[in-house]
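Shown below, as structure tokens, is a lone chain in the form predicted on its own; questions about how it binds or moves come after it.
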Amino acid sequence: MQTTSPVTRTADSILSTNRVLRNTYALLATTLLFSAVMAVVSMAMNPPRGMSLVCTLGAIGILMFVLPKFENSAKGIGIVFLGTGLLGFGLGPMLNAYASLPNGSSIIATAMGGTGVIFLALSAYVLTTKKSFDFMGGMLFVGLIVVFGAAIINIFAQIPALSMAVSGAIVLLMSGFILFDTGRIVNGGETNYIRATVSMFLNIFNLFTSLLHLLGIMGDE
């Protein structure tokens, strides 16, 4: 039977972990703010909706293939801001589409609030209990593959019920990843704050966009 008991740590290891944790949350806060600013800029510029895909693909390429080469240097911080800024800018067309709806502002605000509550609650739980959630890694990875496959199918099928199921599944998966990634930082499994920041940012980003889609579908929009 799997357990989530705290991991025994040495004093030096705990100090190192606390430093990684502080740096991660400091960089995460600034990248989230920068991404939000870029989203506002994008909304004001009102680029075509295809720009979302271009920015997302560009950000994924930067964070997956460029960042690993610099994640142990100061240059890595700049690359993180570039990737997260692109993701924020890519949100502009989507946010404009929702904002144009009669209840669009409410949907966006609810998605933002829900994302914040979920992230803070799950993070606080792990930080308080110091539990490890490494046992969830395999399940989360398999879940991602299944959801990705369903999302690809729905691109062609365009089934509202499937779209809702995919968005709901992503919300659950990202919640699981928040537990998993925070647990790895707290228990010393992740020692690179730049890498930890990117993982946590993507969890929050995907959680927000999925909540946005889910709320939009539930509102029959």
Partner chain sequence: MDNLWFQIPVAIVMGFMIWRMIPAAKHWLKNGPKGSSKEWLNVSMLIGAVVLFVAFLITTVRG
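Source: prediction; values computed, not measured. Residue numbers count along the first chain shown, from 1.
Heads up, the form predicted in complex with the partner chain isn't pictured, but that's what we're talking about next.
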item	value
4.5 Å heavy atom contact with the partner chain in the predicted bound form for all of K75, P93 and S100	no
Any non-hydrogen atom of N46 within 4.5 angstroms of the partner chain in the predicted bound form	no
Contact test in the predicted bound form: G50 vs the partner chain, heavy atoms, 4.5 Å	yes
Close approach of L120 to the partner chain in the predicted bound form, 4.5 Å, heavy atom	no
The partner chain contact at I107 in the predicted bound form, heavy atom, 4.5 Å	yes
Option touching the partner chain, based on a heavy atom within 4.5 Å in the predicted bound form, out of V171, A39, L28, C55	V171
The partner chain in the predicted bound form - contacting residues of 135-156, heavy atom within 4.5 Å	F135, M136, G137, G138, M139, F141, V142, L144, I145, F148, G149, A151, I152, I155, F156
